[in-house]
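As a starting point, one isolated chain is supplied in structure tokens, in the form predicted on its own.
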Amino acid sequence: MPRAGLSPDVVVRLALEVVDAGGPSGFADLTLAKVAARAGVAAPSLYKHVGSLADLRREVTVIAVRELTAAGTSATVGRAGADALHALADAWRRYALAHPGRYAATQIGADPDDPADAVHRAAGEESVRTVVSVLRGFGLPDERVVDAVRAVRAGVHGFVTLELGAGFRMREDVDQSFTVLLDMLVAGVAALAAPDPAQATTGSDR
């Protein structure tokens, strides 16, 4: 039977259910037809509550980004340096494993030139600020912050993506391997924060 009481919020909630049920590909496979089927209505009925599939995907993405940001922020409260980076990455990984479809949505960047992406863009910027706050604890110079953010994100995302795709089939402990990855990222960020010996030598010769 058709589900009574549809609204924009209800449609988004149903879309999240579809994404969650679809596993790692849940976000990529999201369609209005699947949401309509879950709601028990015909797909055209959804257009009373959502403008398009793109709009619905954007709403799902914003929610997922905010959830991931909240998880990282909560995990890093009262921590600094290597401890904070480990806690942030652990929070990201836990979220990805618990909500693989939503996690996939967090990897979609907002279009900087599209006014429709304003809320998505703001959510993404808040997420980046959380990472930057953690990395600032290493004493990074301003010109190295973006490099460090990208390196940390790429490292953790690559590991998690392989894990979700059953890419780690060897018997060795995956948690231990993730810890090794984080130790390597910590060392890399610390190296970016360290003064350049060549510049220090040049400066002392003046």
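Please read these numbers as outputs of a predicted model, since none were measured by experiment. All residue numbers are counted from 1 along the displayed sequence.
This protein has a second form, the form predicted in complex with a further copy of the same chain, left out of what is shown; the following refers to that one.
- At a distance threshold of 4.5 angstroms between non-hydrogen atoms, Gly23 is out of contact with a further copy of the same chain in the model of the complex.
- By the criterion of a heavy atom within 4.5 Å, Phe138 is excluded from the residues contacting a further copy of the same chain in the model of the complex.
- When a further copy of the same chain is considered in the model of the complex, Ser52 lies well away from it, no heavy atom lying within 4.5 Å.
- Within this chain, Pro44 is remote from the site of a further copy of the same chain in the model of the complex, having no heavy atom within 4.5 Å.
- Taken together, the three residues His86, His157 and Val189 all lie with some non-hydrogen atom within 4.5 angstroms of a further copy of the same chain in the model of the complex.
- Residues placing heavy atoms within 4.5 Å of a further copy of the same chain in the model of the complex fall in a single listed stretch, namely 148-156, out of 148-156, 29-37, 44-52, 59-67.
- Residue Gly109 is the sole member of 95-117 found to place a heavy atom within 4.5 Å of a further copy of the same chain in the model of the complex.
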